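Starting off, we have a lone chain in the form predicted alone, written out as structure tokens.
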Amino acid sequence: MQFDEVVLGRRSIRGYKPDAVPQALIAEILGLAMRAPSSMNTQPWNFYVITGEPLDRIRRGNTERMLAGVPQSREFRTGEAFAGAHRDRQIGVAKQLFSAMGIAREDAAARQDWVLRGFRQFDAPVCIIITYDRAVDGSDDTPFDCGAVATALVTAAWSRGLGTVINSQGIMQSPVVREHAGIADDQVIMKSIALGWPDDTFPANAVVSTRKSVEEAAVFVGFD
């Protein structure tokens, strides 16, 4: 694909075929993603690529603990609840997804099932956990750099026909993730990315979120 086609065509995928993704293809995608810029070339990121039974154990543990009321233990700061325009955008995409899936506002069971899909990494065949080196924890550059590599990763995956969705639900219970992914103590868990072949019959996969315009987002200074 041409670059513009990849960027404009990419969307978050929440329904996947069960087909396996070759390890060599994932390694190729990671190699492209790691060309992302980082502060002073620190490259703080690492990747734990999980599939099969270890991923199933993470799904089960994550879901069971959340349903049992165990407090979430994500290792990155989430901040206060969204408000204003940010909350409006959050609600807006949720409405798009629920509409596509035919989930009514009063259908509590269907809404809970949708939440549980997130805890299960949307049943994708692969999960990529992005971590960063604890030695650079506390620097705002570090999560910024991880965001850059995540963006490059999902874009590279899309260019190869693979779908992704960046999510936090799949790492809600970090002790479970650490145990079954074998994450080293010198790493901080940043984000998870579900990855696999898109299921074109899954209605939510057709959802394209609305975006701010350039006029809303950009201020041009010093131009004629």
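Computed from a prediction, not measured in an experiment: that's the story for all the values here. Start at 1 with the first residue shown and count on from there.
The next section is about a form of this same protein that is not shown, the form predicted in complex with a small molecule.
- The chain is drawn here without the small molecule; in the predicted complex, the stretch among 167-175, 26-34, 42-50, 64-72 whose residues come within 4.5 Å of it by any heavy atom is 167-175.
- Among 104, 93, 85, 136, the residue placing a heavy atom within 4.5 Å of the small molecule in the predicted complex is 93.
- Under a 4.5 angstroms non-hydrogen atom cutoff, the small molecule in the predicted complex lacks residue 59 among its neighbouring residues.
- At least one heavy atom of residue 122 is located within 4.5 Å of the small molecule in the predicted complex.
- Though the partner is left out of this view, residue 17 does not reach within 4.5 Å of the small molecule in the predicted complex, counting heavy atoms only.
- Taking non-hydrogen atoms only, residue 212 never approaches the small molecule to within 4.5 angstroms in the predicted complex.
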